[in-house]
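Encoded as structure tokens, the following chain is the form predicted on its own, with no partner shown.
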Amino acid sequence: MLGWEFPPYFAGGVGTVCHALTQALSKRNVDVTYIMPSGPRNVHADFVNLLVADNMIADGRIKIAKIDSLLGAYEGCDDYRHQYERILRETNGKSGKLYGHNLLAEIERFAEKVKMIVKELGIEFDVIHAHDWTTFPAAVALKKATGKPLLVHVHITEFDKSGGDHADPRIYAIEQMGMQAADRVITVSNLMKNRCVNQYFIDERKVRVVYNAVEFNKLPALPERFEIKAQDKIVLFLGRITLQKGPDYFIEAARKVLDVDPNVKFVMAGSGDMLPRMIERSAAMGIGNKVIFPGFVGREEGDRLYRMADVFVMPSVSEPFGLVPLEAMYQGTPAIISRQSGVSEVLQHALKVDFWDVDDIANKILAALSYSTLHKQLRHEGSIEVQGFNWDSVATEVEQLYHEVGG
């Protein structure tokens, strides 16, 4: 299995999916060797020990081979170059990293390194499973070198990152190459399947939809008392603050809600290139004192924000799946989700909106805050519904695909 992130070092949902999926596969006696680019050195020992020492997966079936690299999740070519230049400045021209300043060239080098690791370690395997475009060249190279069948897992495409309007042609070409070379293409929703078929021209017969689940590490915490809630109700946005996630629609809806009910606070948790603009926008609309920007939050802090919130909103412009509303609902928080998301295909007990309809978003926020019967029903039914998103069933579907292509 090839991926670019894995807990405890991860930037988003793909790392969470890889962790939960491999863990569930190991319970089904599927041996997984997971090869990824390196993260920061200060997490290297903990990261490897976390897997090899069996403190995450008891039987140690997942083995990690790491490559020192600047590659990170959700990066484009410009993002990578800026990161490379920053590290050069901080290290006086000595980055201490394997890879140089050209992301596309380094993805190709990663492909050569993967082949080398597999050959030198004598890794035996039956199937190649690659996650997202940065690993596709490596996966295709490995398929050509070994003749093993290939599955590519499409969690997101360039079109989704840009809000569905356009794609970097260089990245698009790599995505399409990987999907065309694959024996099976796994997508996380029908939304993604249709994009692969209609915009990447992939044969529909080899595309399979396998919905994500969510990894619940522990039972929801007991109700807490939050000082802020003594006066105000809380509406939460949690995710990357980028065009894809629709943060501007959240802010616009916030203004409309506050026109009706001034005793509401809006929390926009996360980081991203649109964060400065959202801070400026809320100030320009005169609601700066009603919107809180805590920045990036970790898993435990995120769970606490879910419990604090009265309503969670995901107004994504284009969301291949969307794990965060499941996490919110697990903590007992009613969710409002974009119809332009994969998770809306399977969630029944969440309120659904079109991302662009800020009037509807505002009205549904007000309804969830104002009508106690509706709020209680969403809390109760939602928390029960998310229990059915089980990684064991996801792993069963994936293993069936392994057998389908590998015999």
Partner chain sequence: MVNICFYFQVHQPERLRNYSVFEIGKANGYFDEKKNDEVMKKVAKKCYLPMNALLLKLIDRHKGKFKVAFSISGTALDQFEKFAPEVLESFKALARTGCVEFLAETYYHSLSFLYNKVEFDRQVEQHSAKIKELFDQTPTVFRNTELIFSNELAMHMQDKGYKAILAEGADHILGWKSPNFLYTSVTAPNIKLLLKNYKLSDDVAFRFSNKGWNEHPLTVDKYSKWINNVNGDGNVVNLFMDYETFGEHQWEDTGIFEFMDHLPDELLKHPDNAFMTPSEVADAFQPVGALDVHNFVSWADLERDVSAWLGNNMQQTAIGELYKLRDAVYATEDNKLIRDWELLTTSDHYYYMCTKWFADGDVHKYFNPYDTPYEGYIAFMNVLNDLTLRIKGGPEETRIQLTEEPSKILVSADQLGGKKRW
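Everything quoted here is computed from the prediction, not taken from an experiment. Positions refer to the first chain, counted from 1.
Quick note: we don't show the form predicted in complex with its partner chain, though the next part is all about it.
- Its partner chain in the model of the complex comes within 4.5 Å of a heavy atom belonging to residue 381.
- Looking at residue 371, you'd find a heavy atom of it within 4.5 angstroms of its partner chain in the model of the complex.
- In the model of the complex, its partner chain sits within 4.5 Å of a heavy atom of residue 259.
- At least one heavy atom of residue 339 is located within 4.5 Å of its partner chain in the model of the complex.
- Residues of just one listed stretch (240-248, 201-209, 310-318, 261-269) have heavy atoms within 4.5 Å of its partner chain in the model of the complex: 261-269.
- Contact with its partner chain in the model of the complex holds for none of 117, 119 and 144, as no heavy atom of theirs lies within 4.5 Å.
- Of all the residues from 339-376, those having a non-hydrogen atom no more than 4.5 Å from its partner chain in the model of the complex are 339, 348, 349, 350, 351, 352, 359, 362, 363, 364, 366, 367, 370, 371, 372, 373, 374.
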